[in-house]
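In the form predicted on its own, a lone chain appears below as structure tokens.
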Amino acid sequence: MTILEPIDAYPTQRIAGYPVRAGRSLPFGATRVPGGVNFSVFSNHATSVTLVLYREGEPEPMAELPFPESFRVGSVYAMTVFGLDVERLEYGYRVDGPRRPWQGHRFDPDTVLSDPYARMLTGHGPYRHRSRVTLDDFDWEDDRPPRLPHEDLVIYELHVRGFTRHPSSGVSAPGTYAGLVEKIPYLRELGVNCVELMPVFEFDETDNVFTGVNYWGYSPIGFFAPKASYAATGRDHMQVDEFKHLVKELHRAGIEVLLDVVFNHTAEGDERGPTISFKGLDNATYYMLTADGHYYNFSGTGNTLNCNHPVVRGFVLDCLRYWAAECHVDGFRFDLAAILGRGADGELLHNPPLLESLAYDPILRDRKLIAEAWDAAGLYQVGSFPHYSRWSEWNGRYRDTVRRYVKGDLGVTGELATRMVGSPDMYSRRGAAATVNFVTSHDGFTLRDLVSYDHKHNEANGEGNGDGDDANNSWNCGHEGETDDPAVLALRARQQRNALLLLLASRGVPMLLAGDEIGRTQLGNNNAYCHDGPLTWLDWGLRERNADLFRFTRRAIAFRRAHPVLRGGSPGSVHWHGVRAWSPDWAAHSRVVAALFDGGGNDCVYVAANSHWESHTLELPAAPRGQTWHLFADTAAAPPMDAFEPGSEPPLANQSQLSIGPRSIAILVTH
């Protein structure tokens, strides 16, 4: 039988000794085709483009192949090169064109650029920005995304390396995707059903002038490329497969995967920064520039991606489609997402094309889209982010309100009530699933530090303690920092339980910061982006030392999952109370409030909060439907009586009154 090969499987000419033919313009990037690799790259202002090929790890190119003019279609240069050993191939581009920075053009043919569509970068060593070709032979078996309803999520934000890098983790491949797979049983035991991975796009870990360390990774250089050093197999260039294996195993455990993605800026910085990819490919297209060619800096990092330019918009869409369709991730959290609504001059767009495109994209239809709805230039859109009925938001107002209430500020009780029922003042039309509630995140104090420090302690960051937020709404409970005072420690433990219980009893999507459930500390550092060491790695010894806090958190998550009324419902299903039943006190001096969430049947929950330093006796409303009140949690009680297993709550001795201790939260449930 004769097998017919496609007609474009044959070269038409030779360049630099390699058989080639005009390539296909789409898709962009390097794509394996019969007999060769198709290279396609965009540049609107280039005068010439050259494909630079390297043998793996060698300093000098093995060949440089200029794209003939006949291989250009519009602004796209495409060429198919035959006979390449892709497993040992590294590549990049030289791009020539005008070098007139005042007009936005920074072409430099002496620099070999990364392919912005590369699925893999070498990721380490002196040639870490070189691009590589992937094999795309991963076996997904019968992987199916969990597709959990938004309101059912309990998100757990973690750093891939920091989660298992500490020697106490006990995993075989610390600090890697594979190491995280070994901790899936822990995640299941805790009860979270969604992990939000801090940036896993390839970035430069030395990109920091103060400490020489970039740990968090919010400066991407390879948007399609999973970080090689997070893979135990990274030096064998298997990081794509190892990442996919992580996603598959998390899905097998019923856990969704969100990626923290950064499309507001890149690692190339401003005029003083390196040229890695966009800056040399087509600076005037990819970045927001002033009239004289300088970089707008709405990200606080030196540059701002020109996200609503049609070409850049297409790039972002292609990237997210890749991670969704090819890597099976379940959604994205967008860093400084308010920037994505800005136009080329930084103006706020009424109907941002990128945000609309993401909302209605057919491939992303089932993926979660979560915005950090502010930027570094003061734009704050929490509650007003262009949502197209698709976007959720990190709710910064929820964070600030809960922090202020827990530490005992006056005048917060009324706003706390609003935040507990899904912030309807901001999301009434979208419902509670639009608000991602959190008290702590990677950016700021850990929960333990929130109750241990009045002030940030970022001296080790090398910036004179000037970096990091000064508005932390924290309270040290009577002593700044570490102490062995039992009274202070007991109060701190209670305050941590208070914050966790409010978070997990509020409508909206709760997000926990990894390690808060076992008392992780960064010793008061609220901006630990530049530390890759014990300060930021999760010490798994805390799991045993703070077993009570872990047990408490696990039970609070399980209780939430057992009671749908805490995850959503009509406004009429919530009734407010105070010291007197049915009489909430919204006065500015009030520090006591109680909410009755009644979903019918056994789904009835009473949440009482007291931020006063004295105890109070609350008159209870009668339990509905002839049922009785049972005690699920009381943060004033000593462990292990601070929370019971859901379904095994003991009956309340006095059905008409509840004594709530100083600075504490209590939750009752009907049976």
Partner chain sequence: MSFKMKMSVEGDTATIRLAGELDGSSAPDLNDLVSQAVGRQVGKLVLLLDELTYMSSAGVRCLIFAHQKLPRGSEITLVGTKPEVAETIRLTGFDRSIVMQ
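Numbering follows the first chain given and starts at 1. All of these numbers come straight from a predicted model, not from anything done at the bench.
Another form exists, predicted in complex with the partner chain; not displayed. Remarks below refer to it.
Mapping the unseen interface onto this chain, residue 311 falls outside it, with no heavy atom inside 4.5 Å of the partner chain in the model of the complex. Contact between residue 252 and the partner chain in the model of the complex is found at the 4.5 Å heavy atom cutoff. Although the partner is absent from this view, residue 357 stays clear of the partner chain in the model of the complex, with no non-hydrogen atom inside 4.5 angstroms. Within 4.5 Å of any heavy atom of the partner chain in the model of the complex lies no heavy atom of residue 76. Partner proximity in the model of the complex, defined as non-hydrogen atoms within 4.5 angstroms of the partner chain, places exactly one of 528-536, 427-435, 130-138, 322-330 at the interface: 130-138. Of the listed positions (344, 379, 565, 173), a single one reaches within 4.5 angstroms of the partner chain by any non-hydrogen atom in the model of the complex, namely 173. Checking 178, 558, 488, 581 for any heavy atom within 4.5 Å of the partner chain in the model of the complex turns up a single hit: 178. Looking at 218-241, the residues that come within 4.5 Å of the partner chain in the model of the complex, counting any heavy atom, are 232, 233, 236, 238, 241.
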